[in-house]
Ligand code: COA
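Coming up is one lone chain in structure tokens, specifically the form predicted on its own.
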């Protein structure tokens, strides 16, 4: 273990993050009653320019009147390059009360973007005497943001998570694809010819590099990496395939741009029952060994090392949060 330790952000269940347009307040109650872990009330891409002020007012009212229960609630503000950003932050922090947990900053390109929003939040919190400290989540969705991701990940003590926005990233990188997440039929590898001359085609994941880099930056700074949207909400199998890939790479959750995607994300990012059972057995054996003064502990013929214990603690900790949420 390095002498430099990584302090993880506080625990927050983030398997599924359901986005709700701020112009559709009639959906706020439905979102609150859903199984999503995080509700993100959106002021950015899903809101037309002329509707931005009304959407902001809707969200402020919703945060004061809707019962979101134990869910985390976030608001995606408009980008720093717009005329709406500062007003989003000031009005929401000063007028929406204590219920809001997170502010999501889109299209973050440099660490100073996060610093600027942090400063606005800090001033607004002081002005109204806000008790609960607002947290931040940022979207990496440009080549500039990806190139500066290490600095962004360490830019603020408010920061909790990094998210990947594939559509805007693709536009920024000049990628020849219109997919929002998912594969592309031209991004493939051909095998060498067989004796008969046949060749197999293997599809590749064009988002692999960005996801791996985001996960590494997030984990190096103790943050949660979250996979972004999958645009074709009619394709459950495609959503599940991408969610499973991002879970294998280390992501803790995924966006849901449609209510039907919430249960899919929850299923993928809930630890499998066999993993939970194994983790609980490891921690139980460790506790029994400690009580007996044993220097080393084994389980099922295998030595339990510190890495196993840390992995088990993460799995059990997440499962305890899920059980508390679902009353399972």
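This is a predicted model, so every value here is computed, not measured. Positions refer to the first chain, counted from 1.
The form predicted together with coenzyme A (COA) is left out here; the points below concern that form.
- For the candidate spot formed by 42, 233 and 259, every residue has a non-hydrogen atom within 4.5 angstroms of coenzyme A (COA) in the model of the complex.
- Between coenzyme A (COA) and the residues 284, 302, 30, 64, the one pair within 4.5 Å by heavy atoms in the model of the complex involves 30.
- Coenzyme A (COA) is not drawn, but in the model of the complex it has no heavy atom within 4.5 Å of residue 58.
- In the model of the complex, none of the heavy atoms of residue 239 sits within 4.5 Å of a heavy atom of coenzyme A (COA).
- With a 4.5 Å cutoff on heavy atoms, residue 207 does not count as touching coenzyme A (COA) in the model of the complex; it lies far away.
- Heavy atoms of residue 25 never reach within 4.5 Å of coenzyme A (COA) in the model of the complex, leaving it off the interface.
- Just one listed stretch, out of 181 to 189, 118 to 126, 148 to 156, 251 to 259, contacts coenzyme A (COA) in the model of the complex at the 4.5 Å heavy atom level, and that stretch is 251 to 259.
- For the partner-free chain shown, 18, 19, 20, 21, 24, 27, 30 of 15 to 30 come within 4.5 angstroms of coenzyme A (COA) in the model of the complex, judged by any non-hydrogen atom.
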